[in-house]
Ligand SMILES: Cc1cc2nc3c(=O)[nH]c(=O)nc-3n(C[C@H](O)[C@H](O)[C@H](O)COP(=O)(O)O)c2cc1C
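Here's a solo chain for you in structure tokens, the form predicted on its own.
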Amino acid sequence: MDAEQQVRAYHALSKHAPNAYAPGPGHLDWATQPAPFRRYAGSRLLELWQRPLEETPAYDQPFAGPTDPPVPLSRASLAQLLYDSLALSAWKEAGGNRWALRVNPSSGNLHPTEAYLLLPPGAVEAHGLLAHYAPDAHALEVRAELPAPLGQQLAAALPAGGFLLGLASIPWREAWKYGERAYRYCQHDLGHALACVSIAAAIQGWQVRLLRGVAEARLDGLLGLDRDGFHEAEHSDCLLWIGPPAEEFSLPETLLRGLAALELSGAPNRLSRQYREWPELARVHGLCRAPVLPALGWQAPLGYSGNDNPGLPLRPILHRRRSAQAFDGCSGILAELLFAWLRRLLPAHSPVPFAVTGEKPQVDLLLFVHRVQGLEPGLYWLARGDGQPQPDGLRGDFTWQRVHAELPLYRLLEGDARGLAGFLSCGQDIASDGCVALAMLARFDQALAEGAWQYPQLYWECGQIGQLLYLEAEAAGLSGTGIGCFFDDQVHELLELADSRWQSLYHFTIGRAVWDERLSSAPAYPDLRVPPRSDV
């Protein structure tokens, strides 16, 4: 089989059905639960001074593009970026157990996503650095100090005022619980992280763009993930430019070779006492690594500049976002609020975060409307990609009635869809007890025709959509939650999909949360110090 056929085989293998879930461990072996944080013993720890959490900017502002003027890159601004995107948001405790929550959400709170930074000389120290971000300490673990010639090459290759961020995944974190389906979860978790980083960067006037000129297979070497000592495999997923808006650029071969040959400090910790291989995870990962891709030309954002949430500060919402575990089953919303949420999900409206990869949108939304005053209960379709009704391949007896003058939102069927939403989401009541639930359907055949590397990027787009839904729900005083467990082909049967041109990749639901009062909460970093005035 060629790469595309093998990716299709993995996708079929990792589907859930009412009578046959995807291959998994069958039970949770708590003795082998992965440690929640990757750390590098023996590496130098570079503390990130954290300035006080600010109420600015206004909630709507960063989604239209980076604010102006950009903040200078410094230890303080880097600390703020990481604090607003990949840091801890709180500690929870119940029954003697304590665990951390993070700004970037994750399936099962397992957090496979890791971050590595390539910093030019003068960014935070006199010399350039390769560092790993440790969210439990809100600090950088220095894996290598770049020799002066290499640091100068890096500085010369990068536009002024920015740096490189690599995101990687540890599949075992998800496979421990979810087995062969874990690759899916790693990738939409990465999409959530991309959205978090993009929004946090835009607050500081920085853009985030995927570097397409480096083959993904080389990134492990650049980030130090191909060295001995890793008990559990960790793989790079993407390399990002973060900094003031700039023209697209490439990294010279001599720089890439020099970075891959760095002598590294620190030994990666062992996450589990035992490690189980899931062969299809490694296979699909190898198949989907992106090659060197042609330059697209980074475009300045032209997003909607309206103000849907006047007076609402963004940063507190980033940090108080939580995944709901249950909804009250009775609260509703007004249709205008739902329309505002959907407008936020259109790439033309919100270039942040959707402009990161430069790829055209591939994901549309099937909505299960339950409790929305001013909109009849039933099934709806948001045509995010091209705005056109009745895409090829969907059943022909839907009404396809447009229900909004500006949004490409179409009513398919009227009726109570609560039971249907719950059933399709593996029987989970949370999908039926909210105001609205969504299924994210991707143009599967169209994407894979461009290359197997497009498969994970479909999940990235779904994760970005999910992150905006989390924030929109929180801004409205509600809560959301991502749903990775759903019956894939039963969703397709509902739409009478006769082939694979559309595939459901991620579900989501929003409502009024019922919180477990047995849980107590504590600040994420009670001991963080305020930087001296000269470092602000």
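Owing to the predicted nature of the structure, the values given are computational and were not obtained by experimental measurement. Position 1 is the first residue in the sequence shown; the rest follow in order.
There is another form of the same protein, the form predicted together with this ligand; it is not shown, and what comes next is about it.
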| item | value |
| --- | --- |
| In the predicted complex, the residue from 283, 289, 127, 322 that sits within 4.5 Å of this ligand by heavy atoms | 322 |
| Residue (of 418, 132, 102, 235) lying close to this ligand in the predicted complex, criterion heavy atoms within 4.5 Å | 102 |
| Residue 503, heavy atom within 4.5 angstroms of this ligand in the predicted complex | no |
| 4.5 angstroms heavy atom contact with this ligand in the predicted complex for residue 481 | yes |
| 4.5 Å heavy atom contact, residue 189 and this ligand in the predicted complex | yes |
| 4.5 angstroms heavy atom contact with this ligand in the predicted complex for residue 401 | no |
| Contact stretch among 424-432, 209-217, 402-410, 151-159 - heavy atom within 4.5 Å of this ligand in the predicted complex | 424-432 |
| All of 74, 86 and 241 within 4.5 Å of this ligand in the predicted complex, heavy atom check | no |
| Heavy atom within 4.5 Å of this ligand in the predicted complex - qualifying residues of 103-127 | 105, 106, 107, 108, 109 |
